[in-house]
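A single chain, nothing else alongside it, follows as structure tokens in the form predicted on its own.
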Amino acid sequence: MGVEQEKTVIYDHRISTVVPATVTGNAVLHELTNMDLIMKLHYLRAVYYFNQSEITDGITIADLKNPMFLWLNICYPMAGRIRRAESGRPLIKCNDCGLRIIEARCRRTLGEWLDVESSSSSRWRLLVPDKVLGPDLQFSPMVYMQFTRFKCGGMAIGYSWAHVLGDPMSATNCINLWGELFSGNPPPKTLQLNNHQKKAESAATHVKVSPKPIPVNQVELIGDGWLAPNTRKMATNSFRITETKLKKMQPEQLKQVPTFVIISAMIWKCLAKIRKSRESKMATICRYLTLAKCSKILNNMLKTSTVRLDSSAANFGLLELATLICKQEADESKSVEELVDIENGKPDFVLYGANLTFVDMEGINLYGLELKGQKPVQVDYSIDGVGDEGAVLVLQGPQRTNETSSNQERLVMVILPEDEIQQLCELLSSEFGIAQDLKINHKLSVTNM
């Protein structure tokens, strides 16, 4: 059953808004850095799945909303709206307009929903709002949350986040903070909001031209709709790579190579065979600073690097390609930020998918969202606004309570042109033997069906 047919399974939608508990202040502005503006055409979408339990049975919508008042006091730009300075540069006016809440119900059990063999791999999109900023920027919420109840009593929390607010590390830390407040825990005393100031940016007022290839594409927007159009139809698919499979993929000579790099090399080789003459021979690597390195809760702290090959990635062995990726990782973030005019915040760019983009999200605590001690059994995560070259996200795998060892499983989300996804699945099956993983990516231990 496709996503269009599944729409009738999600019903009884109710929409409301939550605002901060107290007024933020008069004319409070959250200035946006150049990197914030580089990322403004991208959106983060996450869905957290929770088993039925005494905890979920007892949760009301009021219980879910109550901690949001304090949450939005702490992270007040989330409740703001985009405005423009006199120069035309975008900023966030912290006017307490709030975040949007959607309540919904599902006619299926959580187990039926997660059974990928009977569903579309993109059906998670029905559980998270797909809104973007604009064309009426002054009325567009930055953050949406959707609470969907399954027939069995399980629950999904959909979380939509405008990337201009912060990177996946920021988005995840924010929703984990909401979980802490929901569970009755006080906010960390060391938590700081990054109140950006334009004076911290480069003093340059004109766009600089980089002499080297850069990991972004300039785009032309019509009006104030903050989403760049694609020339090809994009789709998503996810699969998991078990700890056993990862060990087989990493022989002794690859033990020192990070898992993320091995997976990136594997998928790059497969896509090179699919694209053939269309292959660009360049890829972008994205990583994020950990909270230990940055105490600010709202940040776009990306490390981007471009890997360039002399020939097709298909011609390299897995070890050779992985080694090249490691050797060419040099932080290009400063060069990217210099492309934005400090006065008017122009031009507009796409980063994810400008080149084939591999995003390292292994260190992001996706399973840190807890509802009074209950963790999600699965987290789906994707990025919208990805360019035609596509993006690959490498995420933490599902956390299982019966595991005796540390979980090394990885969940991989691909955002690619639709006609490439089936070919990629076939190559991963024939060349790396992960066909079984593809079939069972959503079949998890779900109770009380």
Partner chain sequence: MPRAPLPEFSSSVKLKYVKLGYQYLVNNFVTLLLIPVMAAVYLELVRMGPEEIMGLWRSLRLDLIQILCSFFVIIFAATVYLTSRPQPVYLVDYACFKPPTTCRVPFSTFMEHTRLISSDEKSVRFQMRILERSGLGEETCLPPANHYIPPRPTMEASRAETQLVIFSAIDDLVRKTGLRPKDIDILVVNCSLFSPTPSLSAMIINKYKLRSNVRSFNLSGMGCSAGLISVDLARDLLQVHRSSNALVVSTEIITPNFYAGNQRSMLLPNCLFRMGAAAILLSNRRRDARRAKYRLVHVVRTHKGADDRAYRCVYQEEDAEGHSGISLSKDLMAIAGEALKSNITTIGPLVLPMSEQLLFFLTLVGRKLINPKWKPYIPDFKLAFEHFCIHAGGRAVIDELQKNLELSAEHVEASRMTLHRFGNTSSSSLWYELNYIESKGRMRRGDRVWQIGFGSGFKCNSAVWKCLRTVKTPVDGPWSDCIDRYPVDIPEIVRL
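Positions refer to the first chain, counted from 1. Just so it is clear, the structure is predicted and the values come from calculations on it, not from any experiment.
Keep in mind that the form predicted in complex with the partner chain is missing from the display, and what follows is about it.
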Identify, from the list C270, C97, L91, L309, the residue with a heavy atom within 4.5 Å of the partner chain in the predicted bound form. C97
Can you pick the stretch from 52-60, 65-73, 33-41, 379-387 whose heavy atoms fall within 4.5 Å of the partner chain in the predicted bound form? 65-73
So in the predicted bound form, is the partner chain close enough to R81 to count as touching (4.5 Å, heavy atoms)? yes
Is there a heavy atom of A21 lying 4.5 Å or less from a heavy atom of the partner chain in the predicted bound form? yes
Since only the chain is shown here, I'm wondering whether S429 would be in contact with the partner chain in the predicted bound form (any heavy atom pair within 4.5 Å). no
In the predicted bound form, does V9 have a heavy atom within 4.5 Å of the partner chain? no
